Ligand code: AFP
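Just the one chain here, the form predicted alone, laid out as C-alpha cells.
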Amino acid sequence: MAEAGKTRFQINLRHFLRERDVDRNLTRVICEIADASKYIVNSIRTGDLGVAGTSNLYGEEQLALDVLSDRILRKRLAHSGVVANIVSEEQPEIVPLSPDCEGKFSVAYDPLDGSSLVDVNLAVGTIVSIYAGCDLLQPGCNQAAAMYILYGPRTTLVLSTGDGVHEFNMNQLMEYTLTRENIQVGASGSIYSPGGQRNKYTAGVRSFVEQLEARGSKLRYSGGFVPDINQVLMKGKGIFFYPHLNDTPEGKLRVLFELNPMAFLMEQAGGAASNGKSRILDMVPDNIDMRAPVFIGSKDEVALAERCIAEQG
C-alpha cells in the first residue's frame, strides 16, 4: 500500500475496491454509480439546459439535467440487484427496490448538486450516501460508504468506505483510475468558503468570520457545495460553512443528501463537521428533508466556529 499522499497510477476503481476487500455488493453499488456518472457527464456536455417543467419536493424548479441525472442513477441502482431502498433529492419519498434487506444497501443521493450553475459553465457534482440494509434515517456515522463525483475541468470521483479518502480521475476511456490515496486535511487552514447572506449571520457567525479574516484567511467560494468541499479536501486545509441565519435557523443544506456524506468524507480525511454545536454524523434525521447548519473542514476552524457560536449565538 502506498504512503499517505502518494498514488499508484492506473489502478481502476473496481480493482482498488477488491484490493481493499470491500464487500462485493457494496463494490457493485459504487461501480454502478461510477458507471451512471459517465452518462451524466455526457448529459452535461450535450444536454438541454432548459427547465423540465416540474418541481422537486422542496418546490424548487427542476432543470432538465436534474431530472435526467436522477433517472440515470435510479435505473443503474435498480439494475444492480443489490439495493434495497433509494431516496433522491429530486423525489418526494423513499423508493423501495427490494423487500429483502439481507446483504443489500440503501442509497441517498443528490443527482446533480449545483445544477443551476451548469448554464454558466461552473462545476457541479453528484453526492451519494450508502447504508447497509434498508434504513436510511439513521446517524451518518453508520454509513457504509460516501462519495461525490465532481464534473469540472476534469471529472473526479472521491470516495471513502471507512478506510480513508481516495480520489479517482476519469480517463480518456471514461474509466476511473486512482490519482490520490489517503487524502488528509490539516488541523488548520487559510481558506474559507462562506454560504448564505452575510447580513443575516448571527453574532457568533459574524465573530467567527471576523476572526478568520483577521488571521488572513482567503475567501474562496464557487457557489457549489461539491467543488467547495473538493477544494478543502484537495488543498488539505480550510473550511466551508453554510450557517444558521437569522431567518433560517435550521440552515439550508439537507442532512441526508448533502451533509452526512460530506461529513463522513471530511472526518475520514482527518477533518471535522459540525452543525455549530455538535457533530453532524451524530444527528438522527427524522425525515428526508431535515436540514442543518454546517461548518466543515479543518478541525481548528470548526472548533473556533463552535466556540464563537457558544459564546455569542
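The structure displayed is predicted, hence computed values, not measured ones. Quick note: we count residues from 1 along the sequence shown, nothing fancier.
Although not depicted, the form predicted together with the ligand is the subject of the following passage.
- Proximity to the ligand in the model of the complex holds for all of Ser115, Gly224 and Phe240, with the criterion being a heavy atom within 4.5 Å.
- Comment: 107-115 is the region of 76-84, 107-115, 178-186, 128-136 lying near the ligand in the model of the complex, near meaning a non-hydrogen atom within 4.5 Å.
- Contact between Arg279 and the ligand in the model of the complex is not found at the 4.5 Å heavy atom cutoff.
- Although the partner is absent from this view, Gly196 contacts the ligand in the model of the complex, with a non-hydrogen atom inside 4.5 angstroms.
- Heavy atoms of Lys38 never reach within 4.5 Å of the ligand in the model of the complex, leaving it off the interface.
- The ligand is not shown here, but in the model of the complex it comes within 4.5 Å of a heavy atom of Leu253.
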